[in-house]
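What follows is a single chain, given as C-alpha cells, in the form predicted on its own.
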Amino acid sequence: MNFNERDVAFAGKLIRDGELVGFPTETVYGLGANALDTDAVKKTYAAKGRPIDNPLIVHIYDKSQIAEIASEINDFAVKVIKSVMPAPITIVLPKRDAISGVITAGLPSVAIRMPQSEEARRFLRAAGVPVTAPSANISGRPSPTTWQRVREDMDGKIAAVLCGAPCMVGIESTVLDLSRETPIILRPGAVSAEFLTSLLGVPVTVLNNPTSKVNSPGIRYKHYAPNVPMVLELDDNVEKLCDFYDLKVREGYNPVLWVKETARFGNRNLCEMGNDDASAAAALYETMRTLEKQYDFIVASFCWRKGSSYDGAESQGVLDRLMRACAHNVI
C-alpha cells in the first residue's frame, strides 16, 4: 500500500478490524496490531514466530493516550514525555487493566512509544487505537528498515504493508524503564544514557553490558541474526581478523570482512561498517540482509573505545545488536 491518504485510512481500518499491518517508523518497520484486541495481538506472535514471554511495545500518536495505557505517570516519566517524546525512545510504566497480559508477557508494566516519524503517527492516528508493534520480521532475523524487507519476511502472513520511507535511525528505540525507583535502560538505542541522566538529574545506566552474556526478558534470545554464521571481533585487530578470514577460506567458506576501514585488509571480500555512529546504525540490518545473500560467513569488527568515532548512543546500540546477532560469538 502506498503512503497516501486513502491507503493510510484503509490501513487504519485494517487495524481496527483485527488485522496486522506493517508500517514505517524512524527506527525500524513495525508490525502493527490493535492493542485493545487480544486476538489481533496473538496474531502478531504467530506471524513472527515470537516467544510469548517477550513483551510488546504499545505505539501511540498523541501524548494524551499515555494516561489511557499507564496507571501511573511519575515525575521522571513526565519529564521524558514533555521534553523528549516523540522520539526513538520507549518508556516502561505500570499498566492499566485494559492492557492485556498477552502484550506485557504477564508483567504489571507496559512499554509505550510515540514515534518521531510523521508517517508512523499518521498511520497510528488513522488506526485510532493504541497499536502494538514489534519489528516486522520473522523473530530472530535482522529487523527491516525498508518495506521490501517487510515483504520478504511477512508476505502472506499479514494483511498489508504501508510502503513508506526507509528508516533513518536503523536500530530499535531506547527502552527506558520508569516503573521502578531508579530509571534504567533495558535496551540501548539512539537516546543515550548520558542525555537521560542530564535530563532526569539521577544516574541512568544500561541494565546489561552488551559484551556480557545476559538472561533477562527480551534480551536472552538470539536476535537480529543473518541466515549465515557470524562472529564479532572487538579490538580492531587487523592480523586477527585476516587470520580468521583466511582460516574460513581454507575450511571452504566464502567469507566477508565487515569492518570500519576496508583499505587495510588486502584482496579479501570486504564491506564497510560505516565511519560514524549514525551511518553504522542506519545501515546495520540492511547490510546484514545483503551480506547473507552474497557470502556464507560474516566476520564483523566493531571497536567501541572512549574518544573514538564509535562513542555515542548509536554506538552502544550497534554493539548490542551485533553481539546478539552473533549470539555472543566473539573471536
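Computed from a predicted structure; not experimentally measured. Start at 1 with the first residue shown and count on from there.
Another form exists, predicted in complex with a small molecule; not displayed. Remarks below refer to it.
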Legend entry - Site check Lys240, Lys248 and Met273: each within 4.5 Å of the small molecule in the model of the complex by heavy atom: no
Inset, instruction - Indicate whether the small molecule has at least one heavy atom within 4.5 Å of a heavy atom of Ala133 in the model of the complex. - result: yes
Inset, instruction - Answer yes if any heavy atom of Leu196 is within 4.5 Å of a heavy atom of the small molecule in the model of the complex; otherwise answer no. - result: no
Legend entry - Close approach of Arg187 to the small molecule in the model of the complex, 4.5 Å, heavy atom: yes
Inset, instruction - Consider Thr145 of the chain shown here, and say whether it contacts the small molecule in the model of the complex, taking contact as heavy atoms within 4.5 Å. - result: no
Inset, instruction - Would you mind picking the one in Val204, Val80, Leu232, Val175 that has a heavy atom within 4.5 Å of the small molecule in the model of the complex? - result: Val175
Inset, instruction - Select from the listed residues Val92, Val259, Ile158, Val129 the one whose heavy atoms reach within 4.5 Å of the small molecule in the model of the complex. - result: Val92
Legend entry - Which of 167 to 175, 67 to 75, 145 to 153, 196 to 204 lines the interface with the small molecule in the model of the complex (heavy atom within 4.5 Å): 167 to 175
